[in-house]
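A single chain, nothing else alongside it, follows as structure tokens in the form predicted alone.
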């Protein structure tokens, strides 16, 4: 409370970064865990069924899975292109143009879901990289103020120097407190998103293979 206005401003900024980072970490933990859980369940459901229309009717139970979004987009694309409004008939022929359209739909859906899963992670990355330097700036400024006060008072004893320097060092400590959880959270969620992205890529390839087999009349 005895620090200068610049150091106080730095501390307020760091507290803001820390609070928002923890809010993002908790939110992303909820979102990512839910996506992983629903994806595992959806894959089991998908491979246990034989018809697209049957799978389409059960998508509501796995709405948090990015794989569900991929399937829904392909399902709607097949239904629209084949002139049906409610169901996509597997037995109908799929030509080469249709396979290309399905591939585009899958790429678009994968990109959209990846961006959704990565939302707010850039803030964690920014906090992890910037917070220590913001705290260091507050510390340097606080030390400058401390030495300026020493110069004005003309007393350079340890009892006079130590309080000002210790108060300035608090800014660096708060910067690290804000940065460390943000870095850990960012790396954790990037790894989880990469796993989900890999699952989407694999599922997209399986969907393309199914569409290709449909085009051959199998």
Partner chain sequence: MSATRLSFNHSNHDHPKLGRFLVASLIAHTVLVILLAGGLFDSARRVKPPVYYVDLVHKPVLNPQAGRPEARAKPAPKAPAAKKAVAPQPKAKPKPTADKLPTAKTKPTPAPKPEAVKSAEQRRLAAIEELRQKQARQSDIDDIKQRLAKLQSAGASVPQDVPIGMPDGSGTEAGVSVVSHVQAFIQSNWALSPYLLDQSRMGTIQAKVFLVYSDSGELIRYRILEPSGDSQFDDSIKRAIIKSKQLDHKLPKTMELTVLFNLKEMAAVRR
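Since the model is a prediction, treat every value here as computed from it, not as a measurement. Positions refer to the first chain, counted from 1.
One more form of this protein, predicted together with the partner chain, exists but is not displayed; see below.
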query: 5 to 13, 18 to 26, 205 to 213, 190 to 198: which one contacts the partner chain in the model of the complex at 4.5 Å, heavy atom to heavy atom?
result: 18 to 26
- prompt: Looking at 43, 183, 169, 31, which has any heavy atom no more than 4.5 Å from the partner chain in the model of the complex?
  reply: 31
message: By the heavy atom within 4.5 Å rule, which residue out of 59, 36, 176, 165 makes contact with the partner chain in the model of the complex?
response: 59
message: Please determine whether residue 125 contacts the partner chain in the model of the complex, using a 4.5 Å cut-off between heavy atoms.
response: no
- prompt: Is residue 116 close to the partner chain in the model of the complex, meaning a heavy atom pair under 4.5 Å apart or at it?
  reply: yes
query: How about residue 147: is it within 4.5 Å of the partner chain in the model of the complex, going by heavy atoms?
result: no
message: Even though the partner isn't displayed, in the model of the complex is residue 101 close enough to the partner chain, meaning a heavy atom within 4.5 Å?
response: no
